[in-house]
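Two versions of one and the same chain are coming, encoded as structure tokens; call them structure 1 and structure 2.
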Structure 1
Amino acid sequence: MSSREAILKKVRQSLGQPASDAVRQKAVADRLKKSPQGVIPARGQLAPAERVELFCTMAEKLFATVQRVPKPEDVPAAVAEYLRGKNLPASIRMGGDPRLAAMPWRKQRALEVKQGASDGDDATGVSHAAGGIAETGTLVMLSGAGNPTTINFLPEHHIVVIDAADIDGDLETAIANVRKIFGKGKMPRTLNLVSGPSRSGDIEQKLILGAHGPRALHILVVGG
């Protein structure tokens, strides 16, 4: 008998329940199946346009910069403009997300677009968020070949594209939408919730940007 089994046996004995208690097993299975929600704050329960505005406001409070663009075709020009404004190399790293791949990057002739996961030598990475959470200004980032997790953390500057229609009011709705994408009981290997650039105040309580990841987060909100 392993240590785990020994501990669980003692718990069952204290509760007076057998290991094969079908009623308790059914109760656990039913709760996992239904995925009940807790109390949801009212702050994010807004009309779509107001929800997008709240997302942008909260993201900026967390030291992110936000730019609105009318349509996906405008994203490459906005990325090039950001690089010029920050005096950064005209080079980006991004994954194979089909939404990013469909954008007219070739029109930005001076811009180098590198594909695949980052090895830490990239100044700027571009990702596409799966969703956003208005009440906290948080981005929902899913791992995979389309948006490698290394791009979330290794480049100094992280540019994230998000469709305005994918911004939800609260965390619970955002997680439920991820379940809809992958199916019940399935999730990507990693789901990162990104709220602003990396920062820490551990040393002398002085805020330092870029402590554990990108020192700058630029969000491009498409549409809305």
Structure 2
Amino acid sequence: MSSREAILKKVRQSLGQPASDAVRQKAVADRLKKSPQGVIPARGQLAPAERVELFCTMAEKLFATVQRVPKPEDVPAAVAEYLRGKNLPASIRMGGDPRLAAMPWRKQRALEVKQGASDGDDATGVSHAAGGIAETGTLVMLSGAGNPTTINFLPEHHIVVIDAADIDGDLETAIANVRKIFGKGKMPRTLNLVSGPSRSGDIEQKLILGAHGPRALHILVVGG
């Protein structure tokens, strides 16, 4: 008997259940098919403008910095301004996300834009979030050529652009949106829910930002 069979047999014996129990099979199939929702906190259930406000407040509580810009065209200038303000090299690492690609980066003449995954030598990375969760100030990041996952973790500064219209109230709505993109039962290779910059409390419980991931997370909220 394979380990697989042995383990499943032991589980069934302990539960006192045969494998072919139609009632259990139906209950499991139903749950997997319907993905019933549980308790959704009232905190994020707000009108769109208030939802975006809550998202910004929650993200700032997590030590992210948040800046609102009116239009996507304003993003490159805001990025350049952030780099100058922090005395960072005028260079960013970015994936091929079409929303980012459509922005006027060339107008920032001094700014170098490196394409593709991060190799660990980038001071600043720029990504576009797939969504935001107001309840907790969380960003939803999907892997792929548009927004390589390495950019979320390797650069010391991570600038994330998010469309205000993509900010939802709760985690379940964010999950439903991912399902709309990839289909029921499917997921991107990596989905990162990011709530603030990296941190550790492992030495004497003292909270320090910038453990292994970014020391700073700057969120640019477009519109809304």
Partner chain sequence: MQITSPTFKENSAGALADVQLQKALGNVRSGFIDKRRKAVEALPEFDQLRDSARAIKDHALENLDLYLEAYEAKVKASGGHVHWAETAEDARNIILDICRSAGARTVTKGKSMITEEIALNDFLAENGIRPVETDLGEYIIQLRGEHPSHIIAPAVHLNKEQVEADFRRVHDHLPPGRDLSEPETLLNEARKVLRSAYFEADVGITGANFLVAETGTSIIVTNEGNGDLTQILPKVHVVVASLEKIVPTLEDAAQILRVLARSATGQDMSVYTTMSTGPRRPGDPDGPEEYHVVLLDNGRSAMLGTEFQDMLRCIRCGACMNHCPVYHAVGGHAYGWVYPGPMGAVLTPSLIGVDKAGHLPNASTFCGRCESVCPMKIPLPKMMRHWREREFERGLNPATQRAGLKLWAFLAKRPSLYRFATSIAIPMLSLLDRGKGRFGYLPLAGGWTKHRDLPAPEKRTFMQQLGSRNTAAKEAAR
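A quick note: this is a predicted structure, and the numbers were derived from the prediction, not measured. Here, residue number means position along structure 1's sequence, counting from 1. C-alpha atoms forming the largest set that superposes within 1.5 Å between two forms make up the rigid core.
Please state whether structure 1 or structure 2 is the form predicted alone.
-> Note: form predicted alone is structure 1; the other is not.
Taking the rigid core as reference, does Val11 move its C-alpha 2 Å or further between structure 1 and structure 2?
-> Comparing the forms between structure 1 and structure 2, which are aligned on their rigid core, Val11 does shift its C-alpha by 2 Å or more.
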